[in-house]
Structure formats: structure tokens, C-alpha cells
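Next comes just one chain, in C-alpha cells: the form predicted on its own.
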């Protein structure tokens, strides 16, 4: 690839990213500037399979292999905003997938602990994340529906796949105060749940409808 072609591609990606932020995020109500900046700093085209890079900033999910997807940009932004992230957070992410959501979390939080069942997917995600100089992510390959007890408690937990109900293990591994965002419902359609722990009280609030691939495991599907 010549230098000129590479520069043209990068300019096209940059323009597509700016349009994505303007039309897909801000226009739909995403207001958290930390989330917007994380999107601005993270080249989404590095997280999609070869042949899909020209669609990396499109307003839809894309396949990444093994029946998994990289979520629609707006959904990634919405879930990140719902988590109310700050620089002191220790975040547990269930489902590394492409690694794009992981990178967004890592741009804002202090530490991210990400779990994935598929070793190949996580290896690709780790490579893309490392290429950006992001070094505050810890990785594990195991059944994420049981969480990652070793490093708990976590101030925030994010599930990137649908579950029939919020796994009790997630609540057990949540700090106080703490927050979980996860899609809950059937295999076809879910709602984004926001689970807040404050003292001994745990509240469950339903949010927007969504459609995620199932989170497979002991406390999932």
C-alpha cells in the first residue's frame, strides 16, 4: 500500500468517524463528553474483520465470526453512558468480543477486567487494543456468566450479551455503591437493565429495547 493510498484511507475513516459521532451519537442524545471523546480516540475500523472496514462506522452491528457481532455504535455509546463511568472505576466486562467496547471502557475507567469464552476472539481483541497503547485491561478466557470473582468487587459491570435474568453472581461481585448494565429478556429481544446497588438495597430498572446475541454459560443461556 502506497503512502498516498494509506493517507486517503485514514482521511476517509476520520470523516466517517466524525459523521458517526455527529449523526449516530449526539443526534440520538448521547451527551457524556467522556464517552464521546473515547469514540473520537478509538479507531473502530481496527476492530472489524478484513472486508468490513469500509462499514466500520455504519449505523448497524457487524459480524466478527463465531456467530458474534460488534455492536451498533449507538448501542455501545448508550451502554457506556448508562454505566456512569469515571476515572476511578474498576469495570468488569462480560464478553470481550471485538474489543471495541473494551477499548471505550478503558479510555475512561481506571481498570477494565474483560472475560470472553472464545479464546480466538479475545486474542484478536487484545491485539487491537494493545496496538492503541491501552494498557489498563486484564483478560481472561472462561464462562463470563459467573463473573470474575478473583478481582471483585467491581464498581461497574457491563454485560455485552443477552441473559434471561441478571446473574446473581454479578450482584455478589458488585461494589457498594455499584452499577450493572446488561440486556435482559428472551434470546430474540431484550431490554437494557440498569441494576444499582446502594447499601443493602439493589434496584432493577428497565431501559431501551435491544437485541443482543445470547450470553452463553452457567448463569446465562
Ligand code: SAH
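Here the structure is a predicted model, which is why all the values come from computation and not from measurement. Residue numbers count along the first chain shown, from 1.
Quick note: we don't show the form predicted in complex with S-adenosyl-L-homocysteine (SAH), though the next part is all about it.
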Check your understanding: Given that the partner is absent here, does residue 70 sit within 4.5 Å of S-adenosyl-L-homocysteine (SAH) in the predicted bound form, heavy atoms only?
Key -> yes
Exercise for review: Using the partner position in the predicted bound form, report whether residue 94 sits within 4.5 Å of S-adenosyl-L-homocysteine (SAH), counting heavy atoms only.
Suggested key: yes
Check your understanding: How about residue 90: is it within 4.5 Å of S-adenosyl-L-homocysteine (SAH) in the predicted bound form, going by heavy atoms?
Key -> no
Point to revise | Residue contact check: residue 80 to S-adenosyl-L-homocysteine (SAH) in the predicted bound form, 4.5 Å heavy atom | key: no
**Study point:** Candidate from 195, 174, 56, 64 lying within 4.5 Å of S-adenosyl-L-homocysteine (SAH) in the predicted bound form - any heavy atom
**Key:** 64
Exercise for review: Note that S-adenosyl-L-homocysteine (SAH) is not shown here; using its position in the predicted bound form, name the residues of 126 to 144 with a heavy atom within 4.5 Å of it, in sequence order.
Suggested key: 142, 143, 144
